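One chain follows as structure tokens, the form predicted on its own.
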């Protein structure tokens, strides 16, 4: 161990800051320090490898004893700044910090134990909470009854009071008042980081740590950000303010430096060889089909759904308009189907392969858990906590059991799916967090199995405003088919026997992950031919609707554009071709032919998705006429039993249809109950 004195350590750091030269033979840190006044900077960022090159022993001791060595490093930086700009050095003398980045070894959050206590470490994690910003006293001024001021240097979170008055003539040792006007403060914030989902061992709870930020690094991370931080591991009592001290302590990290990790999924490390492989795959004939065949190889069939989720993972770029508004680029898909049709497996696969993918189940999710919440810590500090869609920002949030969520929790997704943000206003904290995420949701039919004789809204208990926010909705039905059943059985048995896929996917899992991340970097241009195709299809859908029929909205056209751009991205094209537009149109048509078919007329009717198919609107109009006729000019109350008999007597409508339309009229306020079983028109 080095036997350097504090003054010697400081001198070594001063020499390093003044003399170290980089590859360009420039005085790297002296130049950085000289530029601080112009940038109003308060930090000197030092690369740890540079310190290792300069003096290995010094770098090693910095990691082992950071409290002493960082304090000397700060003093050395101030001395160096003082030679460059004495006025600015005096101004920020207490705030100037040296920040260490790029430690040689990164420690997993799970591996932070007592052996790292009071040492400098580098960890990576995902920010799940951030507190409000508060001032922290660093040099507290106390006034005794005689008016003498005594300054006490502060450390930790508990305020330290003076033992006695600084004035030699004053013998006061007890009565001191804090003078806030003379006390020096620094910005303070607490964040919580936890292990990233992709690094979490199976069946384990994610490890998390409170991190204290001081000075100019506050507000450098928001909920949902993935960060690498350098800091000192500390142990603090469970209840620092209590008179009873427990043996049990908790770990926290005093942050020294923070940098964003993988701010965008496209920043995944891809080697030159892998890039060549990716380009070679995209240039081959039938490339799109080969990539689709590589999606979820453990699942037989479902080619249409695999193609859709591939486009969802790649998505299209978000566009910002001159007035600050944005055009959404993320695609959202809903899978509705019978149990055992591999919906959950497909969701879990997407969560593994998509950049920043996250899987959750609707049964155990709340509105706060999906978006954001304000929580109160033990110390009374309010913390902003990120939910699933914020943590999956710039990625994919896979929500299984979507139908099992409560309506009030599900409604929190309205803003996420259209505005791409999650807003929270509680406890004085009003914040809007980014939630630029694609939603892949799976739901089971209300009665367990999908009833082909009912429309989708009768099969799935989902509100219309949420249902229409999905770009694509697919129904997956489990129908016996001998040939298909034999294929599925053979596939499952071979996979179980070999512990491998019966047929190897064209692109392996790791390369596919990098392929998708690489494709997300491309921003294709929408060609005239593609625009014409999409426009013609949209106008055709609009014109097919009769005057009293609900038609498609511009939201559908935006969905078509996103799907077309996503396909061009998959093939690494710089231009969206007519073929890309036709593929998007084909997906939309396949959806319309299953989801948007009125089971009573057997015709495509977009009104099905809005709970107003043409057949039911005709039923409602007839019901209103019958009710008016029965109530007469005097608006007499009508008995529900008499109304049912009148509606059913010509055989056009079934009893269930009549009861449903009567309940709809009551819920929408067209009629009201005057006494049991008797109703009057509004």
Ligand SMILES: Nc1ncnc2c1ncn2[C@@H]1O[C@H](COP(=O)(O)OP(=O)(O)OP(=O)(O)O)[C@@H](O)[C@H]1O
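Numbering follows the first chain given and starts at 1. Here the structure is a predicted model, which is why all the values come from computation and not from measurement.
As for the form predicted together with the ligand, it is not shown, yet the points below apply to it.
Review point. If contact means any heavy atom within 4.5 Å, which of 487-495, 221-229, 141-149, 465-473 contacts the ligand in the model of the complex?
Key: Looking at the other structure, the answer is 487-495.
Check your understanding: Might residue 583 be said to contact the ligand in the model of the complex, defining contact as any heavy atom within 4.5 Å?
Key -> No, residue 583 is distant from the partner.
Check your understanding: Is residue 341 close to the ligand in the model of the complex, meaning a heavy atom pair under 4.5 Å apart or at it?
Key -> Yes, contact at 4.5 Å.
Check your understanding: Does residue 385 make contact with the ligand in the model of the complex, using a 4.5 Å heavy atom cut-off?
Key -> No, residue 385 sits far enough from the ligand in the model of the complex that none of its heavy atoms falls within 4.5 Å.
**Study point:** Contact of residue 293 with the ligand in the model of the complex (heavy atom, 4.5 Å)
**Key:** So residue 293 does not count as contacting the ligand.
Point to revise | Interface residue in the model of the complex among 131, 72, 80, 444, criterion: non-hydrogen atom within 4.5 angstroms of the ligand | key: None of the other options qualify; the answer is 444.
Exercise for review: Name the single residue among 195, 210, 401, 307 that comes within 4.5 Å of the ligand in the model of the complex, judging by heavy atoms.
Suggested key: None of the other options qualify; the answer is 401.
Practice item. Output the sequence-ordered list of residues from 280-315 with at least one heavy atom within 4.5 Å of the ligand in the model of the complex. Key: Going through 280-315 in order - heavy atoms within 4.5 Å of the ligand in the model of the complex - the hits are 298, 299, 300, 302.
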